[in-house]
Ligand SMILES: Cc1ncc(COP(=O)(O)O)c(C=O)c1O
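Have a look below at one chain only, the form predicted alone, in structure tokens format.
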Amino acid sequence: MARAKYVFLNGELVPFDEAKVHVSSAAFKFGTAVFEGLRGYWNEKEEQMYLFRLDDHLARLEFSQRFMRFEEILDPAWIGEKTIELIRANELRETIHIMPTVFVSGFGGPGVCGPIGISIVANPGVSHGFVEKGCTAHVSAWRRPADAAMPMRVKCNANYQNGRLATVQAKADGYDTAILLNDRGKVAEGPGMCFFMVRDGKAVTPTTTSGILESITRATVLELLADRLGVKVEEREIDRSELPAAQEAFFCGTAWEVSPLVAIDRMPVGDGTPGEVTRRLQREFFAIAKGEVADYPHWRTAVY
């Protein structure tokens, strides 16, 4: 994978290979860190990089820090400034993936809440290829934890072990990825992305109380489906038995963007190819994120 020259770490730009956190830190031992993933989209015609919904991502990062009771809460505006500074220093002029992480660098037991460190990494965005061709999934034997156990709406590093277990099992069983059920047996989401299906002309997605991340891409998709595509959207619980009835399905998230699901549990979704609603949604999403249309300017932050 191509890598940028510099990483932002604890107040300064450092060479990529020198960005290190101590092995005895709470971040390393317990996953006591919170992060965001966001994309920068390169507009070749304008020679401009647009960061997609930067302010929304940084607001969620602030919430995650407060929820985790970190002893210091880093200013979102400052993190945004340093993110742009890093991208410029790396002279990145292609679509990129950015990950700011706020972590506990202190030593001690799982209850330690400081001192606080921060890293920001921005690298060329690597596509998994599912946006175009679609992906397959199975309903995982692993469940999303209950909110009272490990709340998924907090973007904490430790939470992602649950999704990792589902992912490696799915791949071992011959699927691209997984769909996780929640502790009540209802559909939650993918290991790191939200789930939508289309039934009888309506787009259906689990509620934010279904054990999912309150995804910024999900919120974007909800708005685009209603306002740009004229598709009615239902946010409700979804039974596992509904999945074979879907005419279309897709995942969405920063890393997954809008990726069609073409088969679930080896049963084709619709005719087994990406559906019309999904394709229309993709066109709208990428045109807006890349700044190819003037709509939703508040979702884009220019870098150069």
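Keep in mind that this is a model prediction, so the values were computed, not measured. Throughout, we count residues from 1 along the sequence that is shown.
Heads up, the form predicted in complex with this ligand isn't pictured, but that's what we're talking about next.
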item	value
Per-stretch contact check against this ligand in the predicted complex, the hit in 113-121, 152-160, 223-231, 169-177 (non-hydrogen atom, 4.5 angstroms)	152-160
All of Lys186, Pro206 and Leu243 within 4.5 Å of this ligand in the predicted complex, heavy atom check	no
Any non-hydrogen atom of Val102 within 4.5 angstroms of this ligand in the predicted complex	no
4.5 Å heavy atom contact, Ile84 and this ligand in the predicted complex	no
Thr217, heavy atom within 4.5 angstroms of this ligand in the predicted complex	yes
4.5 angstroms heavy atom contact with this ligand in the predicted complex for Leu181	no
Single option in Gly106, Gly125, Gly192, Pro76 placed near this ligand in the predicted complex, where near means a heavy atom within 4.5 Å	Gly192
Contacting member of Cys252, Leu51, Val262, Ala27, with respect to this ligand in the predicted complex [4.5 Å, heavy atom]	Cys252
Partner contacts for 60-78, taking this ligand in the predicted complex and a 4.5 Å heavy atom cut-off	Arg60
